[in-house]
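Heads up, the chain shows up twice below as structure tokens, two forms, tagged structure 1 and structure 2.
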Structure 1
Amino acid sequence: MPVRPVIRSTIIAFATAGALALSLAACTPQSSTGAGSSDSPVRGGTLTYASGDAEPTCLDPHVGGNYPQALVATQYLEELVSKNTKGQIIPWLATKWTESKDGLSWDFTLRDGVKFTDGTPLDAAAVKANVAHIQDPATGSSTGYLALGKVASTEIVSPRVIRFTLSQPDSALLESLTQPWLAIESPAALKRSKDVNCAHPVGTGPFIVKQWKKQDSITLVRNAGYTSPPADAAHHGPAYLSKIVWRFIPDSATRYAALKAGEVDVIDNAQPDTIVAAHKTKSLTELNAPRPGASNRIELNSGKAPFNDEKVREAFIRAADVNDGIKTLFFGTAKRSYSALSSVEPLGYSEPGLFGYEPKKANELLDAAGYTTRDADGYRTKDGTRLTVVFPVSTNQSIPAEQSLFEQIQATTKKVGFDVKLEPMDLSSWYAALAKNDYDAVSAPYTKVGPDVLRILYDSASITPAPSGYFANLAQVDIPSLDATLEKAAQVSDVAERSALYETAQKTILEGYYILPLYDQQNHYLLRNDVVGLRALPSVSTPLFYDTWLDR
């Protein structure tokens, strides 16, 4: 089933201009300077942001834990720690932290005098309540729940010191705590019903959720009493902006038209063709911030036929002409990945030789796997069963260019006999399909800071669903030796040993042909030149509007 062929033809029409215009993604800054006609920040004003991501079903990122939640929650919730552009962990709501010699406990000292916007003080009891909320199955957490998997208990050492006790050492704990899905919320607000808290979560952040008009927008207003920016913020005190209107505009062309017309100030999920166009427009600029954690990749479900056979997995990968699709559809805005990890992860390991386009080899592998005959439509069969690959596609998470890339993969793998059935669906239907194991291949973005994302995605324990019902190991990799390697890597702090273990783990995943890497998870923001000081947090590359002001 083709996905948005009309959009694909629109994208291809920009190919010539794009090839000439772009080698630019690699040199785009991770913060905006704007037109710069004024040296002094302007206080006040309303910024309008237009998102192409799915509208969250809950504004509390503890519930579920997807990227659309992180995008907006970054404005009103804050984490214990953050990261700077060098990858170092820096203070945020916690001013310092110490690890015990055995690695089984961490003490965090909290900032003094910080209050949630409902007046509740930030203290150790508040952090304890948040950990309990994330770990409570009734919350339905996925991302936060998995990240806190080794936290056995918390203890209030003093009003400003909270102790995390672990079941095993966790070298990724600090990285995990930089993420919006583990942000700290008012313990008083958490006592409300889930529905109420989903609509109006309460944090310590620079903005406050004022109103949520579903299927339209979220209105955020400035927190006049704000005192707790991260250590690398450009200023102190309240945010410059008075208000943010967070709109949901799913159609990419409509979103870009609104930006050009000045109806909105910033858009996300910018398409390759619009990035090309924006770089020719004096009034617009780009903020490129690839997400950390996993690369964008196609997971092959090894838990059932046909991909429970390694030869079939390898055949599919060798029959997929990914490079040509990226070249023609992305115009230099995306670089091919050969790794399970994002290019921003220092411990990423690439193996390009595994992922060349080799249809002859693919045919040989399928013959060896027993798919030796073809039906009237040209698809291979075995024992009368067609070689079918059910591929649900989340239209909320895969941009049109990516959906067109899937079409090209569908076409090239058909040449060797695969019947790839692309099934576009909204986010809730997509999650439901995965929960029912109704997929053979899937592209599932997953953002987690650091290489520990490999444990979340490929440890056999992650085949078991989290309380939200989502399970992260969609390739259904079940290899005891890999589990052991990932467990050990998560416990050691020695840099060289940790690097060697994660390289071993990545080799196992890549050489077993469980995934087809595509490119980094894309975060391309386009903004008007009078938007100054916007940056993407180095943790998970979500925009933070605390230092942002409007030069108008």
Structure 2
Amino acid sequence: MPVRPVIRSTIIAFATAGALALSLAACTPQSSTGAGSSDSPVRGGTLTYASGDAEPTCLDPHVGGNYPQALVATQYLEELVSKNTKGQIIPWLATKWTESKDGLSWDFTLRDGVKFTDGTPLDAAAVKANVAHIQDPATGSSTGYLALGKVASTEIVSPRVIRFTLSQPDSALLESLTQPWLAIESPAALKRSKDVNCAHPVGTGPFIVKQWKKQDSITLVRNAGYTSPPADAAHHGPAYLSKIVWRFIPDSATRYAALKAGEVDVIDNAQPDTIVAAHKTKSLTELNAPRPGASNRIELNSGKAPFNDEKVREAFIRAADVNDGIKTLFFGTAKRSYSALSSVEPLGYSEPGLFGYEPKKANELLDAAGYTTRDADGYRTKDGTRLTVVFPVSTNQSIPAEQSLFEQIQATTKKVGFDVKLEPMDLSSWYAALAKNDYDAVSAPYTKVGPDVLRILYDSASITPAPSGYFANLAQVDIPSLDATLEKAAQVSDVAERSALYETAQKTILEGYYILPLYDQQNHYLLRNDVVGLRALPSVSTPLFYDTWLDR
């Protein structure tokens, strides 16, 4: 079984991150399947993938740049570097890289003999064209654009060496470059119109976009001339699968029914109830790959009353019974987090002691904060103003179990006198509410590779809304010393110093009670047992079907 262990090792890797994942691996029936009946991988066959994420509006992840794009683009586009399960940066389209002493200049040496699927060779000019494409306002890149924020210019040193010149040292540059939103596409293809490139992006990946039937499916076919697997791939040469049909099935129950019936082979966004059901089904396996970057957490808006008072923030956190809610609503599929960062981030720092359920202490804190009176409905008041927490909930981003968890938090914090107003709304309205500062608490996922996500989320500069109204510092943390720590951490390349700086920063955020961490950004895949060799890329946890084959 040369390929099968890949799945297991992925699961085990996550299991070390938490006892929960261990228990999942224990109930995962994969080892009991007949997957190992043939020792050598079978070539050919069509795999059907069903995504619960929204259908991308553009298959080129340079444009915009969201997770649904990353999921599918992982099959046909590749990055300069990748990340292994230990969190180390490993070669991909670039074989080696060197940073100048001042950290302002990076030289990347490109892999030799790689061609895009339209025949264009991968060279320094191609990388230059990609950076230019992402930085061109006309492309409308948002994720990739932010990640290249410190890249001032690029220079072709030789056909195989490209130099990035930075405006400031960037300790997150390599981590950023592992992300699919910074994939390298054919420069010839990028010259076509945006609409054409959105429908048929051209990369170096193991599969090629053949057809996109909107609202139905994307058909990917094997790239017969494929030569550029990442350093941690299990084999060389073209992919085993001859075709992938990438479908969009928004309804969770439908997606699971289709998987169980064998109409599809792999599904993403598996919900807690279906994960539990899958554990009881012999023909199905789970792959649990939490997303990197920030944990899922409730941000408390410290920019205005009532949460501008640290006592009130702590009172809210002490009054929220999160653990019992997670236990009953997620059936053991999600592990409680006490960190601002995902458990897959090696530099994540946890402080469980801050987040215990202590309603008595919450009451004392609220008394001390001046919320000493209660109104007729039992809510606390101060100077005639009720202790109200406006909490807009994005029904697109918060799964039903999470929305129920918020309701439980609403119920338990009510006991000490908080009036939490949960306001479910669609994504556009939700962003509009945030842009208008119409919120006291909010939960917003953020996926990014590496701890630099902390700078995006908690630097005071991120309180100022971008031109689109978007701002990332939803807790509105405004601490000059934290800004300085994060700024420094983003520049130092010394591993120990960087790690210490990020720990200091996380302590500040956690101990200031700005956030209530819940769990990792959930990312569960379910697959049929005869799908062998599927792994999630350790960069942003998207599945890669390069090593995958069908044992049927």
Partner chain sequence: MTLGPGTEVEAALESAASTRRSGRGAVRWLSTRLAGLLFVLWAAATLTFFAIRLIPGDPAQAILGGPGSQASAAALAQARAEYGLDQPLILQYLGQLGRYVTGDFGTSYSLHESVVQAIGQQLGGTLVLAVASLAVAWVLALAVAVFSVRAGRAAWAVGNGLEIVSAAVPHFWLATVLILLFSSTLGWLPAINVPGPVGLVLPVVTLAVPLAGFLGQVMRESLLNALHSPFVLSARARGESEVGVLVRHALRHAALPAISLSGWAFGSLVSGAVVVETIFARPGIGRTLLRAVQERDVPLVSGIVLVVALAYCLVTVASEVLDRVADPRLAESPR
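If you superpose the two forms and keep the largest set of C-alpha atoms that fall within 1.5 Å, you have the rigid core. Throughout, residue numbering runs from 1 along the sequence of structure 1. All values derive from a computational prediction rather than experimental measurement.
Participant: Could you point me to the form predicted together with the partner chain, 1 or 2?
Facilitator: Comparing the pair, one sees that structure 2 is the form predicted together with the partner chain and the remaining one is not.
Participant: In whole degrees, what is the turn of the smaller rigid part against the larger between structure 1 and structure 2?
Facilitator: In whole degrees, the smaller rigid segment turns 15.
Participant: Can you give the C-alpha shift of residue 398 between structure 1 and structure 2 in Å, rounded to one decimal, after superposing the rigid core?
Facilitator: A shift of 3.0 Å at the C-alpha.
Participant: Once both forms are fitted on the core, what is the Cα shift for residue 372 between structure 1 and structure 2 in Å?
Facilitator: For residue 372, the C-alpha ends up 9.8 Å from its position in the other form.
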